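Coming up is one lone chain in structure tokens, specifically the form predicted on its own.
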């Protein structure tokens, strides 16, 4: 499973080479998430409608090694948008993927854009 985690790498907006058309905006619940698959990777896409923001991260929980983060609870810690893993309640920044409860096991994050009613996720390969 460690190898599986290693396949997820954060992509910065300036490094995007492919914008993957994930689904229509309506496919994602308000203040919730859903998972997509891209080249064998499960990506969680979050519609943080209270903040009018969208985020994407790996769907794989780095602690419990389960594809679950898209079902996590969204919230904020100060100005930082976050998701809480449904299994162990650890929280992660949706902007940076940083573990907000410690220094270990950050998440990979991906840029998101909305265009013509569709959600796109940016990848570098």
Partner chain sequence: MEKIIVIGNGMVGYKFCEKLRAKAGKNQFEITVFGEEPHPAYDRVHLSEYFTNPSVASLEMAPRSWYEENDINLISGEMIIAIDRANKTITSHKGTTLSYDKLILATGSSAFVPPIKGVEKQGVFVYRTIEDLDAIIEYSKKTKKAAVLGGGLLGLEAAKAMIDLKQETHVVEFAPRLMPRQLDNAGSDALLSKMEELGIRLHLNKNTRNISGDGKITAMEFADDSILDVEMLVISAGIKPRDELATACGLAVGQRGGIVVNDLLQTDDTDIYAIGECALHKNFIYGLVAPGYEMADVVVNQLIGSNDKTFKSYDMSTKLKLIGVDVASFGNALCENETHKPIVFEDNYKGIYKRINISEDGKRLLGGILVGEAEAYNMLLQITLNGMALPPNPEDLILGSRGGEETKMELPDSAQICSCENVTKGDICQAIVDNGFEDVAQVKACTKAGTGCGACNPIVKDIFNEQLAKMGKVVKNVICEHFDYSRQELLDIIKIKKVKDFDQLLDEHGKGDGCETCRPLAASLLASTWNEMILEKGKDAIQDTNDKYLANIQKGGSYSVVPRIPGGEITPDKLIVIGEVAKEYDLYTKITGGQRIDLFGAQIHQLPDIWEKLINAGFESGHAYGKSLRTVKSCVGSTWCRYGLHDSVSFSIEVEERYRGLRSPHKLKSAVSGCRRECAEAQSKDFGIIATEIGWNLYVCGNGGSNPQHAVLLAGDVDSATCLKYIDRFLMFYIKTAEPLNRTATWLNKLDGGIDYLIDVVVNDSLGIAADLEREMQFMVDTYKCEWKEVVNNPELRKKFTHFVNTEIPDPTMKFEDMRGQKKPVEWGA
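Numbering follows the first chain given and starts at 1. Remember, predicted model here, so these are calculated numbers, not experimental data.
This next part talks about the form predicted together with its partner chain, which is not shown.
Of the heavy atoms in residue 64, some are within 4.5 Å of its partner chain in the predicted complex. Proximity of residue 16 to its partner chain in the predicted complex: non-hydrogen atoms within 4.5 Å are absent; the residue sits far from the partner. Using a 4.5 Å cutoff between non-hydrogen atoms, residue 48 counts as a contact of its partner chain in the predicted complex.
Residue contact with its partner chain in the predicted complex: residue 88 places a heavy atom within 4.5 Å of it. Contacts between stretch 57-73 and its partner chain, counted in the predicted complex as any heavy atom lying within 4.5 Å, involve 59, 64, 65, 66, 67, 68, 71, 72, 73, listed in sequence order.
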